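Take a look at this single chain in structure tokens; it is the form predicted alone.
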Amino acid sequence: MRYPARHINPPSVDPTEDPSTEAIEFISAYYKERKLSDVANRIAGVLDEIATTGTYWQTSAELAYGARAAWRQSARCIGRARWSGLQVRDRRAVTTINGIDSELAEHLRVADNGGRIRSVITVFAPDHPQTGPRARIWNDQLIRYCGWQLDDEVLGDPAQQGMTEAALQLGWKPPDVASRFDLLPWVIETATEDPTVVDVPRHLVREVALAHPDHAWFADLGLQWHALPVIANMRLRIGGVNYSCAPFNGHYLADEIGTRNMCDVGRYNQLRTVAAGLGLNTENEASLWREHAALLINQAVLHSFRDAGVRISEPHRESELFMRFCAHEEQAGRPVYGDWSWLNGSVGWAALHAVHHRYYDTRMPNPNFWPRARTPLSEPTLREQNAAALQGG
């Protein structure tokens, strides 16, 4: 089987590039993997369309296959065993902020599934072959908490301080009293509409209060987290076509919340607080107080999510599933792509199966998800970029 072009660096985002080679490789792989006939006729049609318009329209079936293949080949994700179950919502015809807002809300509803989290991607319009992205979400995830600068400290999530400030500059009316867990609004823009602040529908955001089964004082810390991690700032690339607005989600791995969100110094930074609750000596590094505190926080996350009936995975189980995924991929004759530094949890990492599986193919193939970094208010809006491209053309 021929596989889509492999990259170490992200593929070009130049909207005027010729997607023909990547399109041929993608269509060929799709037809062969799905055991479809008449691939030559489809390729000829694609090449004719590219010659006329600079791009081509993928069928809904091709889009669904490409989105699932992108997850399957995402080197940094340990949860890829579920790639074939990804629910693909084709919303390429939705191009307005109001329409995108409505579909993002529906994404939250469908993916939440009463706490039994579904893996879902909503794909909006592909980038224009001359002017680039037709739509963009500024937020890195659809559900995030604000970071409020209060004198010499940040209340809430420090990682979202810049996004919070951007929303305020765009006219967002914040809550009367700031707290550690205020929902950050969405900022959505299109090629014909300026960046617009949209409040997240709170009734669609499931949140879990964190408590520990053996330490009643932990609940008094007032910690919580949301149930649904919807990534919104990555560019989906399928067969030479970029989709700059394609939010997607799986479900949480416990240490994403317990270790990264709760323990990192640049996030909620709870290690010392929890260590104090345990009566640990934080002045003595040999006491391993950080490790003890991190383990307790992770236990609290797992206990709380499961007690609330919200789907969550723990690193050891996920590592076992990933090894089965690796075996299945090799049996199917496909390379196992992986970034070793991302595939191992932060808690008990040395005991994880994936630690000992070091022969991953480190290349980044397409289809795939690529980082789409954006610093709010630091570059021209899509509307300005679109106007400049049309004027220059």
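What you are looking at is a predicted structure, and each value in this text was computed from that prediction instead of being measured. All residue numbers refer to positions in the sequence shown, first residue = 1.
This protein has a second form, the form predicted in complex with a small molecule, left out of what is shown; the following refers to that one.
Enquirer: Could you tell me which stretch in 103 to 111, 183 to 191, 203 to 211, 255 to 263 has residues with non-hydrogen atoms within 4.5 Å of the small molecule in the predicted bound form?
Expert: It is 255 to 263 that comes within 4.5 Å of the partner.
Enquirer: Might Gly240 be said to contact the small molecule in the predicted bound form, defining contact as any heavy atom within 4.5 Å?
Expert: Judged by the heavy-atom cut-off of 4.5 Å, Gly240 is well away from the small molecule in the predicted bound form.
Enquirer: Within 4.5 Å, heavy atoms only: does Arg134 come near the small molecule in the predicted bound form?
Expert: Arg134: no contact with the small molecule in the predicted bound form.
Enquirer: Using the partner position in the predicted bound form, report whether Gln141 sits within 4.5 Å of the small molecule, counting heavy atoms only.
Expert: Yes, contact at 4.5 Å.
Enquirer: Do Ile231 and the small molecule share at least one heavy atom pair within 4.5 Å in the predicted bound form?
Expert: Flag for Ile231 set to yes.
Enquirer: Please identify the residue among His251, Arg235, His303, His128 with any heavy atom within 4.5 Å of the small molecule in the predicted bound form.
Expert: Residue within 4.5 Å of the partner: His251.
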